[in-house]
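Heads up, the chain below is alone and in the form predicted alone; it's given as structure tokens.
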Amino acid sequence: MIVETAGLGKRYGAHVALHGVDLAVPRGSVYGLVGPNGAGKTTLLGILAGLRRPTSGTVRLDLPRTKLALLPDTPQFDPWLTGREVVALAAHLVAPGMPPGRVADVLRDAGLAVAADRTVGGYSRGMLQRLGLAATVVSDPELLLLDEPASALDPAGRREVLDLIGHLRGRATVILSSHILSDVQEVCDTVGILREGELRYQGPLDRLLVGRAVPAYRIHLRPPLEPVAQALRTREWVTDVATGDGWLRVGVRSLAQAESGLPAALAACGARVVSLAPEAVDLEDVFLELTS
């Protein structure tokens, strides 16, 4: 493990921000740290970066501090500098031996090649976010701590940032704090879910998604839908039925029971079925289960 914490706690007066967090981040992974607002994600990243002191517990980093880089959620720069100067300054401060072409490479990867020689006072918030990422990766760190790196970006900007993070897998370790669960599911292989300062789950994303969320079927029907919904609610293997515009979401105790019982139940109530398929489980489903 490149990062490990044991019993990590942080208090601000009477407020408990973190409680007994045992973090374990595999080397070379992209670790997604997710949780509701106020769960303790930024506090945890700040402690790992050495910017905050824990109240209790220990932190072990299996790398020199000089090989760690942090991108805050709202990076800010002197407005009279150009984007190229910002990244060049970051490289000079933390990795003066970098080849000259490295600055241009990371600006291009961040989608800022065209704007590289403009002063950053005219950058949009999304452009500043991408510039912050470029300045963070220019030193080729072994561990990147990214606090909401795509929160201010439009879809095209998010795509560029996610691609850049994905390319870092295996070359560096990334701890990515985000409330955009689809981004976490796309680029992360390991996740930790925080709620009220406690780590509710930690492990491979695949293991989290298998068997944790309640299985369900999405059924598209011709109207009327309500008689079908009422009939399905009487079945003992059905946990809940939600109706939408032309569809039903049927929660079931197990997919095996649904596979044997659902076709017969629909036929018995004369349902006119357009399509029927199990609902794909995604991180948002499991996140809501673990944080509700």
Partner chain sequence: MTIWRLEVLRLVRTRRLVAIIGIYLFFGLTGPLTARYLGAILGRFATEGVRVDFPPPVPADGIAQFAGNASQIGLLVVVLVASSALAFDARREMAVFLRTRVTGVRAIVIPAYVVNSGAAIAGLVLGSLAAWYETVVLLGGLPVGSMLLGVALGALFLAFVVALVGFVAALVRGVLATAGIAIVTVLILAVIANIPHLGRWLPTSLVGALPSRVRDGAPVDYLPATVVTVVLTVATMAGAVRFGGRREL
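Computed from a prediction, not measured in an experiment: that's the story for all the values here. Positions refer to the first chain, counted from 1.
Although not depicted, the form predicted together with its partner chain is the subject of the following passage.
Only one of 184-192, 107-115, 129-137, 170-178 lies within 4.5 Å of its partner chain in the predicted bound form by heavy atoms, and it is 129-137. For the candidate set L205, L89, M98, L221, a heavy atom within 4.5 Å of its partner chain in the predicted bound form is found for exactly one residue, namely L89. The three residues L51, L70 and E85 all sit with a heavy atom within 4.5 Å of its partner chain in the predicted bound form. By the criterion of a heavy atom within 4.5 Å, L162 is excluded from the residues contacting its partner chain in the predicted bound form. Though the partner is left out of this view, Y123 does not reach within 4.5 Å of its partner chain in the predicted bound form, counting heavy atoms only.
Interface residue remark: D154 is not counted as part of the site for its partner chain in the predicted bound form, having no heavy atom within 4.5 Å.
With a 4.5 Å cutoff on heavy atoms, T239 does not count as touching its partner chain in the predicted bound form; it lies far away.
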